[in-house]
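Consider the single chain below, provided in structure tokens and representing the form predicted on its own.
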């Protein structure tokens, strides 16, 4: 039983990692806490839901369409809206992100109502067993997709010219400008990549859990907790944070009940802020 609970927590932690990956990237590069992050996850979930229900597109195929669609949305929002206040105080950027979240949530309510929906794939209940542990194929697929996207992000940031521009902008904005980096474009690409990752997380969430237009708030908070646990400054921080939170929630929910899941999350957040303020893998100044 304990081993099954830990495996379930690890698989759910992979999804948490993917949820937090985009928030971590945007926060680390642009110093913006994107509190609209959960709303973008919600949009990715509905993108997958409608592609599946209207045209029968399998979620693991529509994943790529969700990433592209959400990247375009994120790029446009950053380039033509957030860039207007990018050098303002953190309070102003938080208010703008909050306004974006309210707009997206209410637009979704008007368009799709508050009905709870879920992507019902034929193989949703399929699983296999290793010894006494049962592993659902969908959760395992979601876990590996999260790892692959994290590795792609790592490759882009460390092995490409675009990635070098992003890292240079994060490390020293003025120096990046002096060597010819287009900061506005780099910020837009960064935000687009972060929102694209949120779209991928939304796709996988729609397969595993019910969705509704107001689901984004708790997902933003979960992503925030994962980022804090893992630490800023590395692409693998969200993975460590996601796995930690996933296993802790699985164990806590088994011992205390599912109603305490959020309580467990924020208890871990407080403990990490007290004892590991930079997170598990966070880089020192």
Partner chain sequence: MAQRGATTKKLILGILIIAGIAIPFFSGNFIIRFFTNTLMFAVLASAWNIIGGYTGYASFGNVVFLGIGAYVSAVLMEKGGVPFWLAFPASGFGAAIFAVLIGLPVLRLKGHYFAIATLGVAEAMKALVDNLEITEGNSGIYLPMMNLSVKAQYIFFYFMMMGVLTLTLVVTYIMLKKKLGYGLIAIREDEEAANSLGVNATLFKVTSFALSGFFSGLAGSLYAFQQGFIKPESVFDVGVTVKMIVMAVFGGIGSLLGPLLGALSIEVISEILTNYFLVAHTLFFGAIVILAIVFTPKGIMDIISGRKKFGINYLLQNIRDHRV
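Positions refer to the first chain, counted from 1. What you see is a predicted model, and the numbers here were worked out from it, not measured in a lab.
Here the subject shifts to the form predicted together with the partner chain, a form of this protein not shown in this document.
Asker: Does residue 117 reach the partner chain in the predicted bound form if we count a contact as any heavy atom within 4.5 Å?
Answerer: No - in the predicted bound form, heavy atoms of residue 117 and the partner chain never come within 4.5 Å of each other.
Asker: Given that the partner chain is not shown alongside this chain, does residue 49 nevertheless sit within 4.5 Å of it in the predicted bound form, heavy atom to heavy atom?
Answerer: No, residue 49 is distant from the partner.
Asker: So, in the predicted bound form, is residue 31 in contact with the partner chain at a 4.5 angstroms heavy atom limit?
Answerer: Yes, residue 31 lies within 4.5 Å of the partner chain in the predicted bound form.
Asker: Any of the heavy atoms of residue 232 lying within 4.5 Å of the partner chain in the predicted bound form?
Answerer: Yes, residue 232 lies within 4.5 Å of the partner chain in the predicted bound form.
Asker: May I ask whether 160, 167 and 251 each come within 4.5 Å of the partner chain in the predicted bound form, counting any non-hydrogen atom?
Answerer: Contact check failed for every one of 160, 167 and 251.
Asker: Residues in which of 138-146, 81-89, 198-206, 120-128 have heavy atoms within 4.5 Å of the partner chain in the predicted bound form?
Answerer: Residues of 81-89 come within 4.5 Å of the partner.
Asker: Just to confirm, with a 4.5 Å cut-off on non-hydrogen atoms, which of 181, 151, 72, 107 contacts the partner chain in the predicted bound form?
Answerer: That would be 107.
Asker: Going by heavy atoms, what in 198-231 lies within 4.5 angstroms of the partner chain in the predicted bound form?
Answerer: Stretch hits, in order: 221, 224, 228.
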